[in-house]
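First structure 1, then structure 2: two forms of the same chain, each alone, as structure tokens.
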Structure 1
Amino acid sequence: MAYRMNDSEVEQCDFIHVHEDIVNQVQSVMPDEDQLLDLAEFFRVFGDSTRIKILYVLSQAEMCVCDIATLLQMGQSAISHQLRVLKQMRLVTYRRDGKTVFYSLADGHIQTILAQGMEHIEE
């Protein structure tokens, strides 16, 4: 199959031919629309640099809002707002110790996503 190599355009086939076996194979494992929307929403959360910073610091240690705010040189209310978003998306969890609430990553998947993202941008 020949491809056009014009820098101003996306490469396209020179002729239209659908490979039905490949299309059917992929279609059989394609998630439904709601799952794809949820996945897009999940990755949208990673599109904010403040949330990425919070996730990164929590990948290093469990911290309270005061610790995170000090480390990132931001206000506690801004950190609390972002933590609420991260908690709603089940990316962080918390535990109470007396009057202090400590936050941490919800699970190892989040650590893996961050590590793979860093690996990708460092290539």
Structure 2
Amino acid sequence: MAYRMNDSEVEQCDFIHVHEDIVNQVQSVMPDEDQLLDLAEFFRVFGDSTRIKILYVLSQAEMCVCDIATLLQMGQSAISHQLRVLKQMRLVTYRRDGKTVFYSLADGHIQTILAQGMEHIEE
């Protein structure tokens, strides 16, 4: 998200009392800006209830668009739009069989992340 600063300078904190040693040390191990943006974009996909539900049902079985729509009690179009997002971010894959398209989870990380999330909220 791009928000404008009304000045070319960023304001941060008006002092020189930062903990310099820590800041410098962490500064040196920071990943690329791009990598962190990708990471946020990746997690953003998990951050919507419709998409989480889709991921969950696909973690149980391969499924077509209308199966998912039925399970989630939502319209076919809404599901299809979200599947596109999931596809683009490589969280799901699909195979075509005649008229119907079967979706499934892309790889093991997705399952692991879902499971870790579940554990966290159940605490």
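In this text, the rigid core denotes the largest set of C-alpha atoms whose superposition between the two forms falls within 1.5 Å. This one's a predicted model, so the numbers in the text were calculated from it and none came from an experiment. For residue numbers, the reference is structure 1: its sequence is counted from 1.
*Asks:* Do you reckon the form predicted together with a further copy of the same chain is 1 or 2?
*Replies:* It is structure 2; that copy is the form predicted together with a further copy of the same chain.
*Asks:* Could you check whether the CA atom of residue 40 moves 2 Å or more between structures 1 and 2, using the rigid core for the fit?
*Replies:* No.
*Asks:* With a threshold of 2 Å on the C-alpha, tell me if residue 28 counts as moved between structures 1 and 2 once the core is superposed.
*Replies:* Shift of 2 Å or more: yes.
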